[in-house]
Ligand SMILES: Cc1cc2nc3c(=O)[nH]c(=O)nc-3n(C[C@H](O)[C@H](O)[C@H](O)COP(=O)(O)OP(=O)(O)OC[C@H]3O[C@@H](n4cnc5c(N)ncnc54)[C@H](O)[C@@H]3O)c2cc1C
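Coming up is one lone chain in structure tokens, specifically the form predicted on its own.
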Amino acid sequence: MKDITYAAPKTIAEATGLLNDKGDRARILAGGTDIIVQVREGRRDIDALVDVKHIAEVNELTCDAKGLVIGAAVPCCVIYENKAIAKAYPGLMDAVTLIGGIQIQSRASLGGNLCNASPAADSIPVLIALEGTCEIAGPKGNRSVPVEQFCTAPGKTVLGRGEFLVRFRFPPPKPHSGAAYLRFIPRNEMDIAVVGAGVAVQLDGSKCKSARIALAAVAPTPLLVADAGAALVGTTLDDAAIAKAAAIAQAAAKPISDMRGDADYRRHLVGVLVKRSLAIAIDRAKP
């Protein structure tokens, strides 16, 4: 087997320095549920693993009036065991409880799920729907990127040389708002979404004030369908309005055919899951 250097920095500056020195030959280790498997199977050829779990900022988890902050290395189980987060962000709970089994959830993080940049990642659509932003650190300083702009292609992200994802920030829940995530899998033994849909809505009386709809597994990257959300604004969220938004989402999807489902089947599922997830989010948004 090939020797791989292991480093465990304790500060952001130390981590960015190590990553900058190694460039593409280094990868972040947090939960390790993706990178360790990829290296073992020869799908990633690297020289160094930089373990960021000892850096305080990537382990941050706060939920208060200012919103929600989740460090990139916080395990999924720590998130869904937090009662304040579960109450304020139920749509996020839909996703984090689906990422692998209990053993995986004790290691896997939202940061790792995003940085793996799988088009079918379960957490990303709802992170987009909830207007999440990514805080990135690098040799030249820090920058913020909306979650929907983070993935650029399958397995590719906006991260440059020496950069890594530190934390997520989410705004506080809006009054009379709700979110939800649903996915379809062919069977429990194949725990990868054929299609996923994450949505968020805000009500103003009987009408929709704002809405966001994001999809997984139907494009090269997780997909924010802004037009579908915009189609709901000002409506009473009746069946006709929801059907129109679902049709717009279907039209925006560009799925492929593979062993999990063909393109037409995936496009059909987009309509089904958008309607169902909107129904859940609307119910959660009601007073």
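Quick caveat: nothing in here was measured; it's all calculated off a predicted structure. The first residue of the shown sequence is 1; numbering continues from there.
From this point on, the text means the form predicted together with the ligand, which you will not see here.
When the ligand is considered in the model of the complex, Tyr89 lies well away from it, no heavy atom lying within 4.5 Å. Mapping the unseen interface onto this chain, Arg107 counts among the residues with a heavy atom inside 4.5 Å of the ligand in the model of the complex.
Using a 4.5 Å cutoff between non-hydrogen atoms, Asp191 counts as a contact of the ligand in the model of the complex. Contact between Leu159 and the ligand in the model of the complex is found at the 4.5 Å heavy atom cutoff. Taken together, Ala129, Phe184 and Ile280 are entirely out of contact with the ligand in the model of the complex: none brings a heavy atom within 4.5 Å. None of Gln202, Asn116, Asn82, Thr133 but one reaches within 4.5 angstroms of the ligand in the model of the complex through a heavy atom, and that residue is Asn116. Interface residue among Ala121, Ala180, Val147, Cys208, judged by heavy atoms within 4.5 Å of the ligand in the model of the complex: Ala121. Residue heavy atoms within 4.5 Å of the ligand in the model of the complex occur in exactly one stretch of 138-146, 169-177, 121-129, 194-202, and that stretch is 121-129. Residues Leu159, Phe164, Leu165 of 147-170 are found to place at least one heavy atom within 4.5 Å of the ligand in the model of the complex.
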